[in-house]
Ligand SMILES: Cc1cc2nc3c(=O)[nH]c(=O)nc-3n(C[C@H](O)[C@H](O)[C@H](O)COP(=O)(O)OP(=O)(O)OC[C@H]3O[C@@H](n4cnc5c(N)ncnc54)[C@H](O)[C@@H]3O)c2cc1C
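Here's a solo chain for you in structure tokens, the form predicted alone.
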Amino acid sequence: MKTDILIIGAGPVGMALARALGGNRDAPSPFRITLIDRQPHGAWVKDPRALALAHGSRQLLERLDAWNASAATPIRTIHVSQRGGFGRTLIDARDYAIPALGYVLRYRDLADALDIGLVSETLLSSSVVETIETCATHATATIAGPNGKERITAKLVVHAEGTPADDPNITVRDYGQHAIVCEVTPDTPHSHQAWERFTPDGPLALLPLEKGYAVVFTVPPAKAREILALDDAAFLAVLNRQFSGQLRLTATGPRASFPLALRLRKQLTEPRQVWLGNTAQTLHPVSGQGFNLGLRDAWELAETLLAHGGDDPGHTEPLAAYARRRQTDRLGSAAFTHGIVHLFSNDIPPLNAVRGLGLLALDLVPPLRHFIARRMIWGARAWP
């Protein structure tokens, strides 16, 4: 089998890339595109995870005709504070003339929206890439699928599935934290306000989702195990203590946890191959930058390849251009989240005062607050 672009991973980032390259019925792509996914087609319908999308991501998805407005819960304000210290700031969408700072929606709803309109012939589901060999003119992937093994020849292989493997090309910094995720119900309507509460153990985020909140609570591994072992009432008591009476949570769904680390791939490209999304970088979930960064990766790669027309998409020049264009956004986003985690995840008295002054400055100095907010909404590039 021959194709121009082989995308490994038919999750939201991989499907967004296919859509951005014009791989739908209404806008045929100048490239032959093949998507490969290890899961059966539609397996995401059982995925309850929540995703935080910035307003800039909504703009990109609208361009792809893949914005599921009915499934998205808007975030109109974000209340940022620290436990046990002074200072707080409120980021409001009205300051930026946009309907919302971001949105929360379920993984399955986003995947459904991206899947609609993709040409069915572009997808090979329930298939695993076993090996990839490259030469000057193409790459050859060996695929194990429902019909046995086959070889696919492509001009370019795009890695968009999973998190980066531990190899010499990846820098890993373990945060010594686990993220506990679940959904909770408040005793009063959330009014489309998100909460980012910094605690000595790590950040705690409440993101409005439907009538409740999606929770991301970061704590040390041992404490995560203790919290997961609590009954619902005790767990809610732990959460409510973090907010010192500012809000009250009354019910919770099932909890899960996963370890947190910063992983950055040093080189985004190799001959005939490119990495994007979680295969290029995984960030701490504070400020919800990870998926938004991956979506911008996909859009930028599509823009770069389409700018070269029907030319060889695996040629060195467009891939090098893509890698250069992504450096500021990806490294800036990694530094931003990494710095926040190290500044706020401790209980050192002098730093409590510094953090409080910082939050107070954000509240009293609009240009500083606007710089942070725009970075969260659009990344390093202001999308029109």
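All figures in this text were calculated on a predicted structure; none of them were measured in a lab. Quick note: we count residues from 1 along the sequence shown, nothing fancier.
The protein also exists as the form predicted in complex with the named molecule; that form is not presented, and the subsequent description refers to it.
Judged against the named molecule in the predicted bound form with a 4.5 angstroms heavy atom cut-off, the residues 22, 117 and 158 are out of contact without exception.
Not displayed here, the named molecule is approached by residue 38 to within 4.5 Å at the level of heavy atoms in the predicted bound form. Although the partner is absent from this view, residue 277 contacts the named molecule in the predicted bound form, with a non-hydrogen atom inside 4.5 angstroms.
The named molecule is not shown here, and in the predicted bound form it never comes within 4.5 Å of any heavy atom of residue 81.
Remark: residue 13 counts among the residues lining the named molecule in the predicted bound form, judged by a heavy atom distance of 4.5 Å or less.
Proximity to the named molecule in the predicted bound form, defined as a heavy atom within 4.5 Å, singles out one entry of 52, 341, 60, 334, which is 52.
Only one of 268, 123, 216, 224 lies close to the named molecule in the predicted bound form, with a heavy atom inside 4.5 Å, and it is 216. Only one listed stretch (159 to 167, 307 to 315, 187 to 195, 246 to 254) carries heavy atoms within 4.5 Å of the named molecule in the predicted bound form, and that stretch is 159 to 167. Of the residues in 269 to 298, those that come within 4.5 Å of the named molecule in the predicted bound form through at least one heavy atom are, in sequence order, 277, 278, 285, 288, 289, 290, 291, 292.
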